[in-house]
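Here you get one chain, nothing else, as structure tokens; it is the form predicted alone.
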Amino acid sequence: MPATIVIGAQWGDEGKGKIVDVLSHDADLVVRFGGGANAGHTIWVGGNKFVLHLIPSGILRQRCINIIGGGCVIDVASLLSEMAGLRAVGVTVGPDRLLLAENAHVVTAYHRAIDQLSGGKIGTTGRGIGPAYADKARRIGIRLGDLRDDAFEANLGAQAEFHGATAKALHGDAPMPDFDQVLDDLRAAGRQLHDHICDLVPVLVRARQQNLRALFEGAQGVLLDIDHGTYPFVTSSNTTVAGALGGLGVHMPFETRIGVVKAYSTRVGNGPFPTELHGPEGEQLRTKGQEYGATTGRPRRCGWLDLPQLRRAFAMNAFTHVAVTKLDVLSGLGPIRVAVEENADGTMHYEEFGAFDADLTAARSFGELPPSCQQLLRFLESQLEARLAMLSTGPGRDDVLDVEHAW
């Protein structure tokens, strides 16, 4: 089975959605395996902007079947809104094009409420992702199959009791959602999503047996992995190649493993960021790169590439290829710096590359890029021990250089 997996190698927001969108042109399946609506994949098609949070980026390709796997947590209100938004612009989102794992857990109003009360310390999105995964471990989670079968009232009651008591103990008179309203809303969502919900194990096994082209889409980034990221400033799921198999429940031979790297570094929320730029350079990166969260709108912290972190991410995941995004943002910024190692005092040692000032969207091959840009890219390829696959030179679907075809 020619399976390709695309994962962000930093703290998320690397432009994975665009890379998946381009690759999905040749895919039969596009599969999401973890995370929730705290992800935000922005794709520009023909001047139109699409922001996807739960639905895989292959939904914009008519021939693709899109799958949300069991390792995900699903805010059904957000999902239904996303589906409605796509239908409004002519994208078909029927059960023949979007399948939902019956064992994926549901993010409820109680999860959102408690997250908004207590998640600020580590800078969560407040979307209820962490509490949903926590209730999964507490065995009071609600799965999509429960919603489909209207067999979730007892667990919803357990959630209301647990999170209501937590809110009262820690936050006084903080209001919590009305139980009957939440129950009614979830029942309505179960009816609307009924035909999309199924057992995905036989679907994925059959795809493997039939040698279909499958593309697997990561959410967030390697450095946000709950076990292997910059804990505790991480997401609540596994975001690595290894984590993908757990989220799917089916072994997949990922022949091509693409690590997506933004040409500089960003992160949202709190946590360590050794190469962060606090002055005009950081603001220039933020403004030119439009570095604001696709899900929350929060301004992202910006800085130079951190090679020690990237080397670790590439080694852990055995990435075969690297896709570099937002190269165009570096154009005209002056000398480009890359952190290559950490000094004894904790500061970073940088290597500097020459500035370039050109419209990168005009390049139709690697050789047409400015020499200093080529030098930077070959340096990254060498340091990460992965071959260049794709380069994003602008925001549009067509602003991509295919250096080595990934299929």
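Quick caveat, the model's predicted, so the values are computed rather than measured. One rule holds for the numbers: they count along the sequence shown, beginning at 1.
We do not show the form predicted in complex with a small molecule, though everything after this point is about it.
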Q. The small molecule isn't shown here, but in the predicted bound form, which of 188-196, 170-178, 97-105, 318-326 has heavy atoms within 4.5 Å of it?
A. 318-326
Q. Any of the heavy atoms of S372 lying within 4.5 Å of the small molecule in the predicted bound form?
A. no
Q | Any non-hydrogen atom of D21 within 4.5 angstroms of the small molecule in the predicted bound form | A | no
**Q.** Exercise: R300 in contact with the small molecule in the predicted bound form, heavy atom 4.5 Å
**A.** yes
Q: Spell out, yes or no, whether the shortest heavy atom distance between F366 and the small molecule in the predicted bound form is within 4.5 Å.
A: no
Q: Counting non-hydrogen atoms within 4.5 angstroms of the small molecule in the predicted bound form, say which of W44, F379, Y350, F353 makes the cut.
A: W44
